[in-house]
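The chain below stands alone and is given in structure tokens; this is the form predicted on its own.
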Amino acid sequence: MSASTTTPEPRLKEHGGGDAGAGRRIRQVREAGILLALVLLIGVTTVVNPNFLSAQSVRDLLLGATLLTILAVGQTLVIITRSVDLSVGSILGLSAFAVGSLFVAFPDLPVGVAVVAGVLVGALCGAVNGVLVAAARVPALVVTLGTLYIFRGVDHWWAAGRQINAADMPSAFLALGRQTVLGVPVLALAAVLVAAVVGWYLASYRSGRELYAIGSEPDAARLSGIPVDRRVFSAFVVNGALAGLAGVCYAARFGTLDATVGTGLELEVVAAAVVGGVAIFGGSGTVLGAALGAVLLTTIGAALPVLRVNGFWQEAVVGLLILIAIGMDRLLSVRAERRLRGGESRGA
């Protein structure tokens, strides 16, 4: 018997079979709900302050959402396998400082080489997480909580109190953070490209769809012949590489780097993915939803000061959105289970 020809049931629930249409409708409703909330928030804020939608404000909003979107897309790959990566903020900081240090040591270094180096540093950190989670079978929460501090410690050791400034980096590299195409920042276009490529991969490739099966039921996925450990390892490596890319974008945009870059960003990344409809228990969610979640959280952060709401309530609103998202996940799961039991009873 060839195990590879057996289609795992969890994947059927998400991407095929009798419940595929219902799954797609649920995801579309979630993404439409996030989009509606985003439109309402922008509309109310614009009524209070018409300058909220000025060209400069929109540009700042898009730039603000860029890093969070790239990180949320990578985090989606990990979460749908029933894992999580809490070290992405530290990986971003380490990658950004690595890029800055390269320019300090080699002022004439081509920009493309520095970008690749930053991505590779992130991928290496992701590989460390992936080996510990997939091969050593240590829970992802424990592993990435530990590497969060380890990568941050390496960053502090490397920086040794130093700060790298924009004057230490070439103007061609810093221009990446300022250039626009038809008014849209280049970095925002890069985030859109990353989301499109990863979303296409998850929807079009068998290995991408297998990530959902792993998150739905790891044991069933393993029995059906899916290389679970290899897929989980790959998800962590790609997530690390995207965090490295976010570090490169950070360096190009801000130009000032020290060992504190990216501190505390990890919870915001997880929040963006969960608010975007990515199930925290794995097996469900889309890159589009995570990207919309990142844009929504960024817009909330920009809108509340305009609405003269205390910054404390920004965190409270984000917490409420997370609870609503998890509550919706639970509600939809219960409805799906009841529907399946009903179908089985009728078929018996």
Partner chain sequence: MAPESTTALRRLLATREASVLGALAVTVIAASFWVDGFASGRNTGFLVLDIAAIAIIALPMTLIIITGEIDLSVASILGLTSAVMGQLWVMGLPLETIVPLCVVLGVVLGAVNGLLVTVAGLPSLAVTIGTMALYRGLAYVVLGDRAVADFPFSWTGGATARLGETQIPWIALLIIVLALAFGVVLHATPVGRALYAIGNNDEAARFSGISVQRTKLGLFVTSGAVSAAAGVFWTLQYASARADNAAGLELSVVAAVLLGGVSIFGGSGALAGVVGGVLLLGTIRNALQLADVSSDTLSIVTGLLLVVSVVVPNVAARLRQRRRTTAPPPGRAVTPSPNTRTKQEVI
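Note that the coordinates shown come from a computational prediction; the quantities given were computed from them, not determined experimentally. Positions refer to the first chain, counted from 1.
Omitted here: the form predicted in complex with the partner chain. The next part is about that form.
For the chain shown alone, His156 is a contact residue for the partner chain in the predicted complex, at least one non-hydrogen atom being within 4.5 angstroms.
Among residues of the shown chain, Ile322 is one whose heavy atoms approach the partner chain to within 4.5 Å in the predicted complex. The partner chain in the predicted complex comes within 4.5 Å of a heavy atom belonging to Pro139. Proximity of Gly146 to the partner chain in the predicted complex falls within the 4.5 Å heavy atom cutoff.
Considering the partner chain in the predicted complex, the lone stretch of 194-202, 210-218, 176-184, 263-271 in range is 263-271 [heavy atom distance within 4.5 Å]. When the partner chain is considered in the predicted complex, only one residue from Ile150, Ala127, Val111, Ala117 comes within 4.5 Å through any heavy atom, namely Ile150. The partner is absent here; in the predicted complex, the one residue of Leu307, Ile280, Ala37, Val58 having a heavy atom within 4.5 Å of the partner chain is Ile280.
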